[in-house]
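Quick setup: one chain, the form predicted alone, written in structure tokens, and binding and motion questions come after.
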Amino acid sequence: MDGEELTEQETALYDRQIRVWGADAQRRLSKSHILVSGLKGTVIEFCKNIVLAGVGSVTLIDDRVVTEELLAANFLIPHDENMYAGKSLAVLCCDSLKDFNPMVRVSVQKGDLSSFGVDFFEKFNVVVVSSCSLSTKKLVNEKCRKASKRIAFYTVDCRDSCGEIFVDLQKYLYSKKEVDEMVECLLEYSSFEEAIAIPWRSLPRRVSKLYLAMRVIERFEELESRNPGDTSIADLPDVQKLRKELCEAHSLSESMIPDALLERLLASTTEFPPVCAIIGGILGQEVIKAISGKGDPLKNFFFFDSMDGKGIIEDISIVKAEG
């Protein structure tokens, strides 16, 4: 992302941010290109944050039409059916996002995310996906890794009052301050497929229960050919059966995935706006760090549950598991 300097207009508009993270970081942001797929509440919060931060461009993918559930936590869409009838989520959100910062190019890409080739993803520095199947997450992450340049890949999922972020920065070099000098650090990330394939018995004893529960729900939706979030409390018996099978295969006690947590994830698939703001804010912060190369990035899962108000970072990667 090396290239031309900030314009006089950009310097004036982003003056406060430049004072915080410097002109070079802002230049990197203003030259970056972000692809975002799956426009539910958490992702909308993220889009708002990075548009205000001053990235170069944001491309939106989501051909779904507006429903009452999708309106619940999406403040970009006017609650007037006459204004959104017949339009896709991406088109509606694009129109509203442009108003937040006219200097950021916001556009819409139609089509199925999984159908795009490596060349398409190479146009971007960051790819963020949500509201997609397990197989799509794996496929898109793999295509990003096959690109000729490093593409930062993120998945985000918010159900009930819980949220999860996954990060893959591949081999990531960044700078941080230690005492009175700047030092360079290198982190190696696992892909999404590699991370979730690690045997549960190899994970830390106090690993987040939300990590395990999300893997069960994700696997259930895949086996049943369900869309993400297309579940209800009526699915609990089948999910409990799957939990038992997975726990036995991984030599893990079923108590690590409580019924109460599964019930919440199955029954309350509508996002809570306050949780969307928290998860979307964390995701925006991480993407800004990845683009600017400043600050310790998240590695590689982040979980939030409003029931206890805690945010937890879990490093679930091949290198760590083997070590």
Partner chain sequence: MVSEQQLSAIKGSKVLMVGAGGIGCELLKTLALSGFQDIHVIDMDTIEVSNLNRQFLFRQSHVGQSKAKVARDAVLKFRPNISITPYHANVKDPDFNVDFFKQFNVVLNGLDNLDARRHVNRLCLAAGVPLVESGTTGFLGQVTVHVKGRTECYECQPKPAPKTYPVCTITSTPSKFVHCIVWAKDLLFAKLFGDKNQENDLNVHSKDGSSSSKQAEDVFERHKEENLEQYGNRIYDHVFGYNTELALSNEETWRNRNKPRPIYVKDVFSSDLASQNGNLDKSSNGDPPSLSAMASLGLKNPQDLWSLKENSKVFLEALKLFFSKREKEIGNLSFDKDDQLAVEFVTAAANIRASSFGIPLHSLFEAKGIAGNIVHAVATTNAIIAGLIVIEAIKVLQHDIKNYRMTYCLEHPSRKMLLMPVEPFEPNKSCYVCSETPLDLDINTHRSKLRDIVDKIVKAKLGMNLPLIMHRSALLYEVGDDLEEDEVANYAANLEKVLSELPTPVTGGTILTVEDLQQELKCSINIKHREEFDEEKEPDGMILSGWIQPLAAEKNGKTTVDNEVSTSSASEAVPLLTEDDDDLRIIPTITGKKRKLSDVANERKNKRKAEEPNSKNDVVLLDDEKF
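This one's a predicted model, so the numbers in the text were calculated from it and none came from an experiment. Residue numbers count along the first chain shown, from 1.
The discussion below concerns the form predicted together with the partner chain, not included here.
- Message: So in the model of the complex, is the partner chain close enough to D99 to count as touching (4.5 Å, heavy atoms)?
- Response: Close contact exists here: in the model of the complex, D99 approaches the partner chain to within 4.5 Å, heavy atoms only.
- Heavy atom to heavy atom, is S268 within 4.5 Å of the partner chain in the model of the complex? Yes, S268 sits close enough to the partner chain in the model of the complex that at least one of its heavy atoms falls within 4.5 Å.
- Any chance I257 has a heavy atom within 4.5 Å of the partner chain in the model of the complex? Close contact is absent here: in the model of the complex, I257 is far from the partner chain, nothing within 4.5 Å, heavy atoms only.
- Query: Is there any non-hydrogen atom of V118 lying within 4.5 Å of the partner chain in the model of the complex?
  - Reply: Heavy-atom contact with the partner chain at 4.5 Å: absent for V118.
- Message: Suppose contact means a heavy atom within 4.5 Å; in the model of the complex, does that hold for all of N227, P237 and Q240 with the partner chain?
- Response: Contact check failed for every one of N227, P237 and Q240.
- Item | L187, A72, A147, C247 - the one with a heavy atom within 4.5 Å of the partner chain in the model of the complex | When the partner chain is considered in the model of the complex, the option within 4.5 Å is A72.
- Which one, K171, K110, R201, H79, lies within 4.5 Å of the partner chain in the model of the complex by heavy atoms? It is H79 that has a heavy atom within 4.5 Å of the partner.
- Exactly one stretch in 203 to 211, 228 to 236, 179 to 187, 121 to 129 has heavy atoms within 4.5 Å of the partner chain in the model of the complex; which is it? Answer to the contact question: 203 to 211.
- Query: Counting only heavy atoms, which residues in 10 to 34 are within 4.5 Å of the partner chain in the model of the complex?
  - Reply: Stretch hits, in order: T11, A12, L13, Y14, D15, R16, Q17, I18, R19, V20, W21, A23.
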